[in-house]
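First, one chain by itself: the form predicted alone, in structure tokens.
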Amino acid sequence: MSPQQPAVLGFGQTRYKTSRADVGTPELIFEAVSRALADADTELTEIDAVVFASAPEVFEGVYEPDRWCVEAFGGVGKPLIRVHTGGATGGSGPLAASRLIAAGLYETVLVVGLQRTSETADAQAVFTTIFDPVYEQDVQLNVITGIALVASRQMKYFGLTEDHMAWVSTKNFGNALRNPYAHLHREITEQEVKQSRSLAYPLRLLHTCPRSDGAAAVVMTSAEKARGKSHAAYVAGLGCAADVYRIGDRIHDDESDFAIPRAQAWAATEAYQEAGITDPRRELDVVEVYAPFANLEIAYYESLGLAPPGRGIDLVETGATAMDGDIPVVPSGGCMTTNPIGATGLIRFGEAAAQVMGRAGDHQVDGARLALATACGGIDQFYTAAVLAAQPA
């Protein structure tokens, strides 16, 4: 990394619910930012610039929510950048802030992530419009049916079964019970998962994520300034990548087709190279992956280099990604238990930073020194990856 290596000083988030009707959107942001500043032991006057991460503004029910909320995150009189890459927005925010810091443009940057899907009557109706209008929209794809197609392809490619998906769901819901901020606090069994309501074959209700209202924020600065603080997480590597628009055009050279997201592999490879990671399975201590469906998490084991091609299910069958496994994945409960879309990637980044700082509370992974956080958006089109370390480079 540059001599201006970026670092994370603090992470704050709101409580998440299907509808946070108790507060307005600016108050929601104020809640997250206040907690991040307190966690970072940083005053608002120390913030040099703000990166505002918000996905489709139709969910907020107001055009340009960054304008509405500027006082709530202390943006008045400061440089402000808004980023939007669909569901990957929350991952693109800290990536943008990191590059601003590494370039020496600003020393301390606040990143804010927001989403209020409760302001939209039918989120799936919005999602149907993101597919190609000529070849895909006529078949009425939405996120759930689109991911169901992916799951069907995974059943053929690497032998995905309902048992594999049920294990992932049970793991993530169990982890969320340790996380006081998680939206869904419910203990479930694999049998309950397999008996939950069918959505689109082979997906069931307990294979998928909730709709969540909420916000998150992180305070980032240079490694030089971070050394004077009591705790920090250091950005060791970053990556991002985009794939083609049409799902049918994502044909790989091997048999995986769109079963394994190649754009995530591209983003992760870039982050690993920057961080000097050659064996992610052995070198990483914890992973906070953006996986809103159980089948996607298993596919990501492969695309992130945690398992060889076609063998992501091995990590399920051996329990490797459980809290007591050798590579815990989403100890926070992850996207399957909390999903404020535009903020979800920022939560993954903040949770990964908290892990290497040893400040993740009851879902802390013992001895975590190197963590990976990812984000995805646009129906497997946009991906980010960030490696966070306990020590500076």
Partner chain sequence: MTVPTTVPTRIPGEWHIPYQYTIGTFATAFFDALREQRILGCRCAQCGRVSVPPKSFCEYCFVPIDELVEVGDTGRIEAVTVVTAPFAGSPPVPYVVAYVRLAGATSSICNYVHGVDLGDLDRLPADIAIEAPVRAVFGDKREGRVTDFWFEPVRDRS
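Computed from a predicted structure; not experimentally measured. Residue numbers count along the first chain shown, from 1.
What comes next is about the form predicted in complex with the partner chain, which is not displayed.
Visitor: Pick from 97-105, 312-320, 154-162, 182-190: which stretch has non-hydrogen atoms within 4.5 Å of the partner chain in the predicted bound form?
Guide: Stretch with heavy atoms near the partner: 154-162.
Visitor: Does Gly325 make contact with the partner chain in the predicted bound form, using a 4.5 Å heavy atom cut-off?
Guide: Heavy-atom contact with the partner chain at 4.5 Å: absent for Gly325.
Visitor: If we define contact as a non-hydrogen atom of the residue within 4.5 angstroms of the partner, is Pro133 a contact of the partner chain in the predicted bound form?
Guide: Although the partner chain is absent here, Pro133 would touch it in the predicted bound form, with heavy atoms inside 4.5 Å.
Visitor: Check Val139 for me: does it contact the partner chain in the predicted bound form (non-hydrogen atoms, 4.5 angstroms)?
Guide: Flag for Val139 set to yes.
Visitor: Heavy atoms within 4.5 Å of the partner chain in the predicted bound form: does Val62 have any?
Guide: Residue-level check for Val62: yes, a contact with the partner chain.
Visitor: May I ask you to choose, among Leu199, Leu80, Leu177, Ala241, the residue with a heavy atom within 4.5 Å of the partner chain in the predicted bound form?
Guide: When the partner chain is considered in the predicted bound form, the option within 4.5 Å is Leu199.
Visitor: Let me know the one among Ala226, Ile277, Leu149, Ala72 whose heavy atoms come within 4.5 Å of the partner chain in the predicted bound form, would you?
Guide: Checking each option against the partner chain in the predicted bound form, the one that comes within 4.5 Å is Leu149.
Visitor: In the predicted bound form, does every one of Ala21, Arg246 and Ile251 come within 4.5 Å of the partner chain, counting any heavy atom?
Guide: Per the other structure, all of Ala21, Arg246 and Ile251 touch the partner chain.
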